[in-house]
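Just one chain is shown here, as structure tokens, and it is the form predicted alone.
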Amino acid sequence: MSGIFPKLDSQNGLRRLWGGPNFRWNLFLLALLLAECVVFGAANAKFLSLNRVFIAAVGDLPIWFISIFVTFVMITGGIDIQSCAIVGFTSIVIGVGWQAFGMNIWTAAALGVVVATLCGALSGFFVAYCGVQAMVVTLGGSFLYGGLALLVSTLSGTAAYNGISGFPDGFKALAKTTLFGVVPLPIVIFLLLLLCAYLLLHRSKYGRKVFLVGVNPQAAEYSGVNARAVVMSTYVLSGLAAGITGVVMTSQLGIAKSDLGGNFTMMIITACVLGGTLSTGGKGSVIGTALAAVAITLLRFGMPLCFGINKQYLDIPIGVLLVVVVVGRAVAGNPAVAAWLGRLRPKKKSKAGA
């Protein structure tokens, strides 16, 4: 095990635990979360209700579940905008498998996750081994898997806009069960996924390969890393996360629909970028992505509750947040700006008589 998960350095353990090079940015995200709690809590005390926050979090499951694995994709220099379509496809596979083919509901759920993982593998193959741009492949995948979901839904004999319902209570309990009567089971599943993602990306040799491929794929190949296999594996993980999301959301809503989770794509990408993942690859942190996802959820929960903002306008502040982060990083990374900021720093006085 020590060869797979190296030991933490005692001096830099905390820094590495909180994202290594992203340590300072993660601290900024923690400060952002605190500021949201203070501002929204002061505006409306209901915001500080833990049960309300958990309800809002469960409603934003695609952001939380998928973004931490899309981070892997973006670190390699790719992008994945098909995940939400895979969520709907997974949901329909579960519904049709259970209703039309008489499968056990858990067998149908497992089949849905397998199908979602294969969808991710297919797109990853085209990106890694065929050299097609990730944006083109995943954009096509979003249309392909969304269309397949509609096609498969016809096998149920139910109109696609109605969805498939009537699932067993045991399956619906997956999303309704609470741990210690407080924490919803989907939140526990998210924490387990986050732990797995953290160990993979920040504590394993596989994670080092992901970062190396993102920094320089040619150098990774010369170092003996199969860069194409690594790139493909990140899309597999993203598809797997979308499949798990499809299962949990179908259980939560008690209905299988092809458009389940279809409007979360921008927020998933925003969570990754706001969490410190570079769109050009080579840098990122699942801890940062998770903190950013929580920040987005609190923003989407707090603005309507505390300031009466209509929910249909919530994409505006999230879009502004995405643009500000991207532009701010581009400006901060400009050599001229860095030199100007360096001149503003006070110079240290030399000791007399030294």
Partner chain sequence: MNAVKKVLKAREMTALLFLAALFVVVGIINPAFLADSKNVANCFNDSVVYILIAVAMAFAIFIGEIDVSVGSNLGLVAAVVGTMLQDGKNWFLAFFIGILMGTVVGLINGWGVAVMKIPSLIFTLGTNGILRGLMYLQVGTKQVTDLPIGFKGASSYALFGLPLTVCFFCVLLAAAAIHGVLTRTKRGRYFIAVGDNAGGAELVGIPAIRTKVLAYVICGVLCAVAGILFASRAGQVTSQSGNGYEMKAVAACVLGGISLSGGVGSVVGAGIGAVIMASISALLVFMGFSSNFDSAITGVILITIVVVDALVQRRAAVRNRHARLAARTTARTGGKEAAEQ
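A quick note: this is a predicted structure, and the numbers were derived from the prediction, not measured. Numbering follows the first chain given and starts at 1.
Keep in mind that the form predicted together with the partner chain is not shown, yet the notes after this line are about it.
Partner-proximal stretch of 172 to 180, 193 to 201, 234 to 242, 131 to 139 relative to the partner chain in the predicted complex, 4.5 angstroms, heavy atom | Stretch 131 to 139 is the one.
Heavy atom distance at most 4.5 Å to the partner chain in the predicted complex, all of 59, 113 and 299 = Result no, not one residue of the spot touches the partner chain.
Using heavy atoms only and a 4.5 Å cut-off, determine which of 257, 209, 228, 283 is in contact with the partner chain in the predicted complex.
-> Only one option qualifies, and that one is 228.
Which one of 81, 121, 253, 100 is close to the partner chain in the predicted complex, taking close to mean a heavy atom within 4.5 Å?
-> Selected option: 81.
So, in the predicted complex, is residue 313 in contact with the partner chain at a 4.5 angstroms heavy atom limit?
-> Because a heavy atom of residue 313 falls inside 4.5 Å of the partner chain in the predicted complex, the answer is yes.
Is there a heavy atom of residue 331 no more than 4.5 Å from a heavy atom of the partner chain in the predicted complex?
-> The answer is yes: residue 331 has a heavy atom within 4.5 Å of the partner chain.
According to a 4.5 angstroms non-hydrogen atom cut-off, is residue 217 in contact with the partner chain in the predicted complex?
-> Answer no; every heavy atom of residue 217 is more than 4.5 Å from the partner chain in the predicted complex.
Answer for residue 146 alone: is it within 4.5 Å of the partner chain in the predicted complex, judged on heavy atom distances?
-> Although the partner chain is absent here, residue 146 would touch it in the predicted complex, with heavy atoms inside 4.5 Å.
Can you name the residues of 277 to 291 that have a non-hydrogen atom within 4.5 angstroms of the partner chain in the predicted complex?
-> Contacting residue: only 279.
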